[in-house]
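The data below hold one chain only, encoded as structure tokens and taken in the form predicted on its own.
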Amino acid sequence: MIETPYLLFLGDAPDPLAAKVAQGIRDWRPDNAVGQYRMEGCKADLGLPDMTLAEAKAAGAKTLVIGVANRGGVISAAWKKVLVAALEEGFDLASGLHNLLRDEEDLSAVARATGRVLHDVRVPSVKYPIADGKPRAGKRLLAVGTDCSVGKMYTTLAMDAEMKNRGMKSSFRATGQTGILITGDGVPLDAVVADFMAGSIEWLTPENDPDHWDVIEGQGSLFHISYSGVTLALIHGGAPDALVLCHEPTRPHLRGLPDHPVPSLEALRDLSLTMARVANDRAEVVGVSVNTQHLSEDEARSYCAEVEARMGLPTVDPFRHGAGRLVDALAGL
């Protein structure tokens, strides 16, 4: 188990979105977030106390969590001095990057010498099956997005919390590094061998009570050239009964792909539903989740109202305004 609380390492994050791992921990497990460590040039700020390693240790932090995700998921050479110093200061290290801590010889050597632990979250620990597409009892919801990092995890965490508050049977199913760091369990889907990706989601969402909901964290986007494969695996392995569309309205293009415009919500609805009905012919789109963090309160409410009128679906920012109306939409399924 990863020891808490954490010091969240933001490194030299080029923008706030690059620190989404740390931001997710701060928002959903605030008791585990003692402070943040930022290097020179870091353009992300979680609003947590900036701490040195010694200050964080004195405040009780046990693990330095790499809270920044860069393209390709690599451990930057620029971070190494801090990571080594953290081990020597008595911290364990935790990371969800593709580039594993354990594969870095210098970090492994220091960890052995200091008796500290390197936690690589993005390593499958189960021999997953190949998907078979057989129907299974219970209900499943999946968040799908117009792009990466538009709020799919926040949407599903907010819905799961609302369902639990209502006494509904619900389980949040983490499929990425941040969700796993928040909840302590899940499938690191983008690190699973391709043939077993859909099967890993069947394994993650097994047969259950007829009124139990598995609320599945979404990944990537069907429209994102780089990461569409993980999205399709979620759709076919999860065989969702309900889909929630997720969107961030201020982006000029898909993240990391300046030549690819963000698709419309209508296009997302139509393509996602087509793919979902391959695995579950009862699949329905039940609502729209809008990430309004870059909009004012008036702009956010106006935008959601416009989308709702246009698409005929309940449309909210579940983190800002609550997930109640999205959960209400599940009642008829």
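These figures come from a predicted structure and were not determined experimentally. In case it trips you up, residue 1 is the first one in the sequence shown, and so on.
Keep in mind that the form predicted in complex with a further copy of the same chain is missing from the display, and what follows is about it.
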Q: Report yes if all three of 59, 102 and 117 come within 4.5 Å of a further copy of the same chain in the predicted complex by some heavy atom, otherwise no.
A: no
(Q) in the predicted complex, is there a heavy atom of a further copy of the same chain that lies within 4.5 Å of any heavy atom of residue 223, even though the partner is absent here? (A) yes
**Q.** is_contact(residue 203, a further copy of the same chain) in the predicted complex, heavy atom dist at most 4.5 Å
**A.** no
(Q) Taking any heavy atom pair closer than or equal to 4.5 Å as contact, tell me whether residue 296 reaches a further copy of the same chain in the predicted complex. (A) no
Q) Would residue 98 count as a contact of a further copy of the same chain in the predicted complex, using a 4.5 angstroms cut-off between non-hydrogen atoms? A) yes
Q | Options 104-112, 207-215, 224-232, 151-159; stretch whose heavy atom lies within 4.5 Å of a further copy of the same chain in the predicted complex | A | 224-232
Q) in the predicted complex, which of the listed residues (75, 192, 174, 94) lies with a heavy atom within 4.5 Å of a further copy of the same chain? A) 192
Q. Which one, 180, 262, 163, 131, lies within 4.5 Å of a further copy of the same chain in the predicted complex by heavy atoms?
A. 131
Q) Can you name the residues of 274-307 that have a non-hydrogen atom within 4.5 angstroms of a further copy of the same chain in the predicted complex? A) 274, 275, 278, 279
